[in-house]
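The data below hold one chain only, encoded as structure tokens and taken in the form predicted on its own.
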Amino acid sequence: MTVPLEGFHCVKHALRFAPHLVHDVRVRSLEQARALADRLAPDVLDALLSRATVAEVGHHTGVEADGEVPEPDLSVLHARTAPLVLLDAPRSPGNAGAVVRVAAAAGCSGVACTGTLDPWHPTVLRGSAGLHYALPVLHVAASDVRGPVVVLDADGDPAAPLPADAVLVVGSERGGVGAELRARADVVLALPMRPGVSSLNLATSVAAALYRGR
């Protein structure tokens, strides 16, 4: 399966983490692409230019490519040394992509999604800036996941731990975590918030949970 890599940052991260999966790199101008890579990502400059052909490019950065979806690494569903983020039936592709970006930055073992959203949808990929290629991004059933389940919920304990091998379950902003995963929770974790502030967006909540103990 091939997906569009839209924009310099998406192509940059794909080239950095999985260059063998990047094909048909297109640039509006070789000179502009060189200047952009030299300024923002000199480590991928040679890989970018060696693959680039000049063509019409719709993205404002003047860089696009095609990427292959990697074979899913299902091992992270059963054993890991860093948390796995599990999005329970997410609704917003952009928010899901932002979570992938946060999880990659925090060194998570992967991001998995239940429900109907395709985690490799182009809008999700745009939201992650191509960081899907930095860690496994999977579509799963809730029953596929093993390990200590930590549910993020406002009714939880702000002092609860997040084990290194945890499955950090986050529900949609509107619906929260579904009954199946809530029933499996070993820990329910809350983020301390100022009175009167009812919620945070999805990616911000995940970031706060992952970084709070660091």
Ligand SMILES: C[S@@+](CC[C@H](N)C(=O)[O-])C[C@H]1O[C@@H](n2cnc3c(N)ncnc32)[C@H](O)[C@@H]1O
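Remember, it's a predicted structure, so these values are computed and weren't measured experimentally. Residue positions are given as counts along the sequence shown, with the first one as 1.
The next section is about a form of this same protein that is not shown, the form predicted in complex with this ligand.
Asks: Check residue 58 for me: does it contact this ligand in the predicted complex (non-hydrogen atoms, 4.5 angstroms)?
Replies: No, residue 58 stays farther than 4.5 Å from this ligand in the predicted complex.
Asks: Quick one: is residue 152 in contact with this ligand in the predicted complex, heavy atoms, 4.5 Å cut-off?
Replies: Because a heavy atom of residue 152 falls inside 4.5 Å of this ligand in the predicted complex, the answer is yes.
Asks: My question is simply whether residue 181 lines the interface with this ligand in the predicted complex - judged by any non-hydrogen atom within 4.5 Å.
Replies: The answer is no: residue 181 has no heavy atom within 4.5 Å of this ligand.
Asks: So in the predicted complex, does residue 190 come within 4.5 Å of this ligand, heavy atom to heavy atom?
Replies: Residue 190: yes, in contact with this ligand in the predicted complex.
Asks: Just one of 145, 44, 52, 177 has a heavy atom within 4.5 Å of this ligand in the predicted complex. Which one?
Replies: By the 4.5 Å criterion, the partner-contacting residue is 177.
Asks: Are all three residues 170, 202 and 205 in contact with this ligand in the predicted complex, where contact means a non-hydrogen atom within 4.5 Å?
Replies: Yes: each residue has a heavy atom within 4.5 Å of the partner.
Asks: Of these, 159-167, 23-31, 61-69, 182-190, which stretch puts a heavy atom within 4.5 angstroms of this ligand in the predicted complex?
Replies: Contact criterion met by 182-190 only.
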